[in-house]
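Listed next as structure tokens is one chain, alone, in the form predicted alone.
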Amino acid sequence: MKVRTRFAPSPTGFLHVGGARTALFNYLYAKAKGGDFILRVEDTDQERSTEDSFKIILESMKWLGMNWDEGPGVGGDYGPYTQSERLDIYKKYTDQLLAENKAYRCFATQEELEAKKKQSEAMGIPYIYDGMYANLTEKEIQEKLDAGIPYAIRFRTPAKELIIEDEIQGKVKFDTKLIGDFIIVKSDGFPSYNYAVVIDDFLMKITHIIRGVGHLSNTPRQVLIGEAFGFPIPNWAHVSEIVGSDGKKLSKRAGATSILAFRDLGYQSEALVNYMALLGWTPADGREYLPGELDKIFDIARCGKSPAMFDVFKKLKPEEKEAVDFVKLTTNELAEYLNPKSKLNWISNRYIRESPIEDLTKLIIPFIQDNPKIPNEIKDPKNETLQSILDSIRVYLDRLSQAPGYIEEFFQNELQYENEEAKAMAHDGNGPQVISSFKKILEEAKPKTSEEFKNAMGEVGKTTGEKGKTLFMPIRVATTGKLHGLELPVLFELLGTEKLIKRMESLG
């Protein structure tokens, strides 16, 4: 049996981490098993579905490198791949259920349903639809149809114990009496999610349903519908919940944001994919840096039940939880909440350090293109100076968007102290003597290599008796105006002696 998985987003918003992780697990499992990955759009929620959301989801999928074998823009043998274009298909199956008395028309008004819900609440019991329109005669049904009374179509839920064998969660039991007769076609004629998905999965020959554990409660309804039609039951795999740094479910108040925000923050798609793969899954050898391997080694059997920690953002303070909406934050605002010690940053740094420099310079261009502090002639991926600078600073980068600040460093001649603390480091104590000694060595010895610059600073230490912070910090401030930055010998080799002297003279 050929493995066929699917990702079926609703175009009602952006693609967030939870959805992207689901898509990724389906994609990786299909690729690892030599199968097909299908993208299907579930737009039955016509009030909230938008074309913009549809485009954003496709753009996000493509950026992540999850190319689908069948679906929108690709086609396939089992289309159309958008639910709103499949209404005639669903109607045929609905007519079958009605004819077999496995479903019925429900003329309940919203007011009637609300009244019954309130009654259940008052009694302290969960609301279960009581089938008030389940046994109308054909004459009664026809009278209501002739009167134009709106109706939904409900599935007749058989009373039984349902056992689901889940590849991650294990054996799960459901008592269908607690479900009641549920709606399969809404009054607007569109199928419900739980109904359409079963028909689509059958007709598209989906073999494995891999999705978040939050969908586990939908599974009995879908199994019952499949059984009513005599469909083969697919393999189920419900992956663990994703929680934020506070241990709570991701939300717009707790770190959920668009996948494209990570692109704008400067993360490479390969790094984000690598990180997301580890949210609930562990490879057999326990490694975490897995470039080019995921689609070969991924196996759903190695997914765990425990919630997966999404540690990209800091744990918010109590007063921030209500004030911060991650969805609405700009890229710069979002960057303020990043956790510098996240696993994503560690993985991203590895990808940046080990990417071919030619590829990295191509990726860096959008982040420096409009920067006025960087010469235009440098903004070329083939520019050797840019490649040399990037190669020297890449070890310091967790995100590509951090690069401009470092690159600017190489093109500054007129310096200013970044703050009073930096100025004090240059002017107080033995700082002036350290700086004067270093400038003298630059003028006389004219060091060229990073090793020669390192030796020059060592000579300053011998001359002045300073070491550690009181040696290196005055030199850093005198040559950069800043208290932190690149390793000085690396920076000095790229700047050259002449530019260093001009910088020191500009600060005075």
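The numbering used is simple: start at 1 and walk along the sequence shown. Please read all numbers here as calculations on a predicted model, not as lab measurements.
Just so you know, the form predicted in complex with ligand GLU exists too; it's not on screen, but the next bit is about it.
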Is Tyr193 close enough to touch ligand GLU in the model of the complex, meaning at least one heavy atom pair within 4.5 Å?
-> yes
How about Thr497: is it within 4.5 Å of ligand GLU in the model of the complex, going by heavy atoms?
-> no
Contact between Val197 and ligand GLU in the model of the complex at 4.5 Å, heavy atoms?
-> yes
Taking 4.5 angstroms as the cut-off for heavy atoms, does Pro9 touch ligand GLU in the model of the complex?
-> yes
Name the single residue among Lys248, Lys117, Lys186, His215 that comes within 4.5 Å of ligand GLU in the model of the complex, judging by heavy atoms.
-> His215
Assert contact residue (ligand GLU, in the model of the complex, non-hydrogen atom within 4.5 Å, options Lys102, Arg211, His208, Arg394) equals Arg211
Within 4.5 Å of ligand GLU in the model of the complex: residues from 40-72 (heavy atom criterion) | Glu42
